[in-house]
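In the form predicted alone, a lone chain appears below as structure tokens.
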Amino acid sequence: MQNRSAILLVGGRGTRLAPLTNNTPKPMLQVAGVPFTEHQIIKARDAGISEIVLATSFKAELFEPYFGDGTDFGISIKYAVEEVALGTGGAISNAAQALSGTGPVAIFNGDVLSGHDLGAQFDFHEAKGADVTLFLTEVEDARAFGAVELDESGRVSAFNEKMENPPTNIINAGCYIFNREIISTIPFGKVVSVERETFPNLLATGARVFGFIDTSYWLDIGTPSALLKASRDLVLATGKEFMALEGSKISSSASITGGTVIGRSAQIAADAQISGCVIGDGAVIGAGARLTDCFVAEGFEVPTQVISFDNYFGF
């Protein structure tokens, strides 16, 4: 097995996630009690990846204080900061300068929660002698995504960006494996879209681009409702109705269900009913409050008897 590295694209502003991203970059929003990026770092580590570079831009200074050099996560973590946005391809080229390994590199989009088998994707990539291997999944409606066509061998024959009548429901699912030689062909310091420029150019020049199909759990967390779903799904997958983080205090008469996360040192008063919510660290939920599918910001106090659905408090 060759040494494996990764680049995690975490530079986006996350405008679709406003107001949650007004002060926090999308990848640092908490999902099931930890920043979303942590889930992806653990996935990389568990697939045998020894080093990962976080390609940051918006509020780049918030990442390193939390993740450090990766010692606490069992993987080497480095940082590449974009002073100006370089697009997905430009970000990959910029971040690759910090890699020390020479083996294949997994590229993660910073807003995808996936249960796919990353180790198997690496094995497929190596077995096919591929230059690039894309993780693909199947959706009911591919119009909002990039649809990918394959030949009988699994080799990519066409990329189709978002279109009204896509030829297939197999889509680009946001995790790629690149050989280092391919990354070196991406112009350095320039704005490049890997989806609109790099991939079509590779096909045009006869590169060996393959698709690895895995139909496990997959979710783009780019909207508040999707972020909430991701958190709920991860909590419910543990077999519990809620997750209470350290220092939280919950009244014995409160009802907490639906994959809710109760933040560190948060307080839930008597007779509160909370379902499918993310309650921030240090928040206080007043007596008799009824919240469903809501976000409550760190330190915010929700008054007593409030009834609210699909709402934001304190952002």
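Everything numeric here is computed off the predicted structure, so don't read it as measured data. The numbering used is simple: start at 1 and walk along the sequence shown.
Another form exists, predicted together with a small molecule; not displayed. Remarks below refer to it.
In the predicted complex, segment of 115-123, 77-85, 232-240, 208-216 with a heavy atom within 4.5 Å of the small molecule: In short, 77-85.
Would Ser93 count as a contact of the small molecule in the predicted complex, using a 4.5 angstroms cut-off between non-hydrogen atoms? The answer is no: Ser93 has no heavy atom within 4.5 Å of the small molecule.
If you check in the predicted complex, is Lys43 within 4.5 Å of the small molecule, heavy atoms only? Taking the distances in the predicted complex, the answer for Lys43 is no, it never comes within 4.5 Å of the small molecule.
Is there a heavy atom of Gly110 no more than 4.5 Å from a heavy atom of the small molecule in the predicted complex? Gly110: contacts the small molecule in the predicted complex.
Give a yes or no for Val10: in the predicted complex, does one of its heavy atoms lie within 4.5 Å of a heavy atom belonging to the small molecule? Yes, Val10 lies within 4.5 Å of the small molecule in the predicted complex.
Heavy atom within 4.5 Å of the small molecule in the predicted complex - residue from Val261, Ile52, Ala55, Ile268: Contact check passes for Ala55.
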